[in-house]
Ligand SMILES: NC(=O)c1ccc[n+]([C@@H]2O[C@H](COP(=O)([O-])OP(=O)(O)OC[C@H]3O[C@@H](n4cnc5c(N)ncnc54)[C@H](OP(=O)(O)O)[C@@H]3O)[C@@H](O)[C@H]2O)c1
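For reference, the chain that follows is the form predicted on its own, supplied as structure tokens.
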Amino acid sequence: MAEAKVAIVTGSSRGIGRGIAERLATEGYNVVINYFRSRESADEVVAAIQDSGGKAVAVQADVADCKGRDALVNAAIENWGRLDLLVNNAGITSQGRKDLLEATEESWDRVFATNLKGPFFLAQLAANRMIESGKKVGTIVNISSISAYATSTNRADYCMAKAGMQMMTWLLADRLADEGICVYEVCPGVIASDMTAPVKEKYDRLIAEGLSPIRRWGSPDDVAKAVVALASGAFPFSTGDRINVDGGFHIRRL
């Protein structure tokens, strides 16, 4: 029997991250579940995976902090001796959702630290561990957002950090190709989660009016299925690509 592959999914105690972690577990991955504040929620995810016959551990870590990033990678190695997949999913929205003319440096620093700096340096750390294994194989998936190219003037820092994730993906894909590590960006659209819950009424209306060709909310599992497909090795001659999981929102229409 082949040894199980190991994945780290940041921000996986809820929402999109939880959907990704649980879907990976059904595909045979051992999963490091990352949470920042809610140990209870992370334990629920671990229990759900274990109840389905999978393996998972919960790790408290702030991806914006180097000690947190070390803890995540160390958990994968210490528990299962390997790391095959990193999913950079953890992210926070703009603090207070202030108009860009009133935006604060405090929010900027926190959003960029969590949504861009943290994922970059975690990818660096994970890639080095993958290279050290000598297997010449591995996958990094960065979870972005349609906010990477669709403006929200009350979330300027969030939009810019997500836009930066595309270049981060390209840079990592370019540098790591010779190491056998493929890097992708998954770009979710309007996904039902606790992050979008405060604006549910707004998006219910926009979706009904045709915000995207596929007129429904996306689900965390929609995103998870894309991540699993990329991690499966089904696209061996692709790297640096953006996969849109947005109901067709990215299509320009007249």
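For clarity, every value in this text was computed on a predicted model and none was experimentally measured. Throughout, we count residues from 1 along the sequence that is shown.
Beyond what is shown, the protein has a form predicted together with this ligand; the following relates to that form.
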item: Close approach of Ser212 to this ligand in the model of the complex, 4.5 Å, heavy atom; value: no
item: 4.5 angstroms heavy atom contact with this ligand in the model of the complex for Ser38; value: yes
item: 4.5 Å heavy atom contact, Arg242 to this ligand in the model of the complex; value: no
item: Non-hydrogen atom contact Arg110 with this ligand in the model of the complex at 4.5 angstroms; value: yes
item: Heavy atom contact within 4.5 Å of this ligand in the model of the complex, the stretch among 23 to 31, 204 to 212, 225 to 233, 58 to 66; value: 58 to 66
item: Arg14, Ile92 and Gly189 each touching this ligand in the model of the complex (heavy atom, 4.5 Å); value: yes
item: Answer option from Cys182, Ala126, Ile143, Ala161, heavy atom within 4.5 Å of this ligand in the model of the complex; value: Ile143
